[in-house]
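One chain follows as structure tokens, the form predicted on its own.
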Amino acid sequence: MNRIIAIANQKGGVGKTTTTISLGVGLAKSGKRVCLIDLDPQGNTTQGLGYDPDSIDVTITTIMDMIIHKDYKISKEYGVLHHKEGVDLVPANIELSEMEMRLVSIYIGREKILSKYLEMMRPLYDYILIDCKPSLDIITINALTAADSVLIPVQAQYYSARGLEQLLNTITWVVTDGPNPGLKVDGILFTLANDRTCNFKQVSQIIREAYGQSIHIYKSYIPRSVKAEEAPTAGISIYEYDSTGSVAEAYDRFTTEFLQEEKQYE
């Protein structure tokens, strides 16, 4: 099984990067071959794994630019970084912001640039996880076009619930009128949760009632934690930074639940 999963939500600060890294490392700990694609000009996944985005010569922008210019002589190791926690990474930096303008100028096939690269990489990995930028622009459309499915981290707050509707509308367009009719939604993962507050309980219940019959909502949820916010500064996952903490345990449960749900694709 080789799966490409976009981790997306156009609202920032909902735990996309932490989920990308934590799920990726969790899958690697389970014996899976995993590659993370940083598709955010902020380079948060790149920084979160301990790399300096500004000092990296070859990034996802470099590779996409080669594909735009029909330079398909890209080795499968080109630009791939190997992290000590068992995941590979194709990094990103601020140069990715310029790619948006280049893609807009392409009339035909601009939404399929990333997929051309990832289809080459697919046989090397069990999972390719794409950390999407917090917007629904042509870069994110590239991710949704390349992906088999979408995982949606959602903070159980009112504005996150409103943003979820916009993302689902975009996914519907990609499937019905756009470039990827096979795209599916794996599920919604609640993040940054404080389950002792009425707000979390109320908003999570609203989302379950609104979408629970058509979209899987994971039983696992990720609590808010200062340790999780500190881990990216150390350049390691929460598993290494705070292995016995609540967030590491939550992501471990989520990874187990995620793999159980994956059996439908076998």
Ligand SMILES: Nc1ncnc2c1ncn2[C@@H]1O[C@H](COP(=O)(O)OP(=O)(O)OP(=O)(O)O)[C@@H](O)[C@H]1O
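Heads up: residue numbers just count along the shown sequence, starting at 1. This structure is a prediction, so every number in the text was calculated from the model and none was measured.
Below, we refer to the form predicted together with the named molecule, which is not included among the displayed structures.
When you look in the model of the complex, the only residue of 118, 113, 192, 129 with a non-hydrogen atom within 4.5 Å of the named molecule is 192. Remark: residue 25 does not count among the residues lining the named molecule in the model of the complex, judged by a heavy atom distance of 4.5 Å or less.
Among residues of the shown chain, residue 53 is not one whose heavy atoms approach the named molecule to within 4.5 Å in the model of the complex. For residue 240, no non-hydrogen atom is located within 4.5 Å of the named molecule in the model of the complex, even though that partner is not displayed. The closest non-hydrogen atom of residue 223 lies within 4.5 Å of the named molecule in the model of the complex. The stretch that touches the named molecule in the model of the complex, counting heavy atoms within 4.5 Å, is 34 to 42, out of 205 to 213, 66 to 74, 53 to 61, 34 to 42. Of the residues in 10 to 41, those that come within 4.5 Å of the named molecule in the model of the complex through at least one heavy atom are, in sequence order, 11, 12, 13, 14, 15, 16, 17, 18, 40.
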